[in-house]
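The form predicted alone is given below as one chain in structure tokens.
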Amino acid sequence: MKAVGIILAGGGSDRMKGLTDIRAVAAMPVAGAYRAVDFALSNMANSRINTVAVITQYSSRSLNEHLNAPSWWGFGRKQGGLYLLNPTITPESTNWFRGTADALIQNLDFIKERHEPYVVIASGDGVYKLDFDDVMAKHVESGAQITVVCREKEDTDSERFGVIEVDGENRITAWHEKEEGAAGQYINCGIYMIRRLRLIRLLEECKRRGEYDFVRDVLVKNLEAERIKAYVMDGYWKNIASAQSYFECNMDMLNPALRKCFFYDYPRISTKVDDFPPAKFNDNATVRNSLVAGGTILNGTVENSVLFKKVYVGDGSHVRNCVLLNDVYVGDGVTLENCIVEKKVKIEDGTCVIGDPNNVTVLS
């Protein structure tokens, strides 16, 4: 595909209830063995985008370690590759990335040195499956100068996402950025396609104005000057940048049809694989409708839950509707419901925590 990919993966989130204290949202574990960034990265690789840059900033160590072997996503080639772009202090720039547009502006040299005619920009905190070849075909066919990937709006979306209105030709006519009760048919999924030279021009104009946000200062300000059109995606999409949406996304992965779509149906979502022994289910263990990753040892009861790598669940413990991250230790006689447990947390014997499924409890 004649495009270079850029994944914006540099942010944390106050809505994550502390889960991003040690990692960026894009590095959050999903579905037992994957990371959020795997979805954007795999979608690009599966669409034959051979060169992808991941722009990182906030708490980037976990993300950098995950991406240190690009061959897992098929980027071990002589041409193209996977690039990690971190903030760099230079005589021309003494700031960290001050926004999404600024992250691109500070990496304009990378964009200018590419030869691909198009750029695909995607957020690293979305869980979805998308064929960028189809986005490209619709982009060219519609005569759009910028294409924004969207999905139909739900009742609770307007506070967290940009809500857009379109005309009969899917041209975006109004954009309401995170406004409560905003009118509009669709929400912005944080995925954009644009010609590389046009992107360079718009970013240079943004830099001259001293502005930093890609949506507000590049897209919204150019709704009339540019032909910005919506591409409406089908299928599953979830932004995980809040603790509740992260919890719901992992619970959604208990659906066999959704797992089949992502991880078995070609083209699949790929990830870096760790070498752990298979999960061990001892004689007193009971497991129902759960995902259990390698290295886990179970003695208690686990229902409707996602357990990541090297989790231990003790005798007589009950774990229901929970997400347990790597290396969690659950002692004996513990009851956990509707919880997310941060990695390496030890739950003492006899602990009982029952959270609200609509306002998940985070234990860290």
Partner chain sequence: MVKKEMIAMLLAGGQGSRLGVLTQRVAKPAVAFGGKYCIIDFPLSNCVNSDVDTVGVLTQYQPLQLNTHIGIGIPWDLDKQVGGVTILPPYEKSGDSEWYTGTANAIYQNLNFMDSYNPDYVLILSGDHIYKMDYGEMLERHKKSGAEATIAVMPVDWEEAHRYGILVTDDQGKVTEFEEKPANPKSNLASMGIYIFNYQTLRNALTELEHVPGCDFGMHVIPYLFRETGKVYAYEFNGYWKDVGTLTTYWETNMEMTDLVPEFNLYEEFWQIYTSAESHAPAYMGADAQVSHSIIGDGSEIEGKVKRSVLGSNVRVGAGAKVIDSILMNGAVVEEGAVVRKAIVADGARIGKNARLGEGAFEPSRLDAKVYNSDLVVIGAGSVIPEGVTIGKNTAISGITEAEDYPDGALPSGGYILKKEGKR
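A quick note: this is a predicted structure, and the numbers were derived from the prediction, not measured. Numbering follows the first chain given and starts at 1.
Here the subject shifts to the form predicted in complex with the partner chain, a form of this protein not shown in this document.
Taking the partner from elsewhere, Val334 is found to have every heavy atom lying beyond 4.5 Å of the partner chain in the predicted bound form.
Taking the partner from elsewhere, Ser59 is found to have every heavy atom lying beyond 4.5 Å of the partner chain in the predicted bound form. For the chain shown alone, Asn299 is a contact residue for the partner chain in the predicted bound form, at least one non-hydrogen atom being within 4.5 angstroms. Contact between Ala174 and the partner chain in the predicted bound form is not found at the 4.5 Å heavy atom cutoff. The single contact residue among Leu291, Ala182, Ala101, Met136, judged by any heavy atom lying within 4.5 Å of the partner chain in the predicted bound form, is Leu291. Checking Ala243, Val287, Ile187, Ile105 against the partner chain in the predicted bound form, a heavy atom within 4.5 Å turns up for just one residue: Val287. Checking 258-266, 117-125, 140-148, 232-240 against the partner chain in the predicted bound form, the stretch whose residues place heavy atoms within 4.5 Å of it is 258-266. Applying a 4.5 Å heavy atom cutoff to the partner chain in the predicted bound form picks out Tyr264, Arg268, Ile269, Ser270, Thr271, Val273, Asp274, Asp275, Phe276, Pro277, Pro278, Ala279, Lys280, Phe281, Asn282, Asp283, Ala285, Val287, Arg288, Asn289, Ser290, Leu291, Val292, Ala293, Gly294 from 264-294, in order along the sequence.
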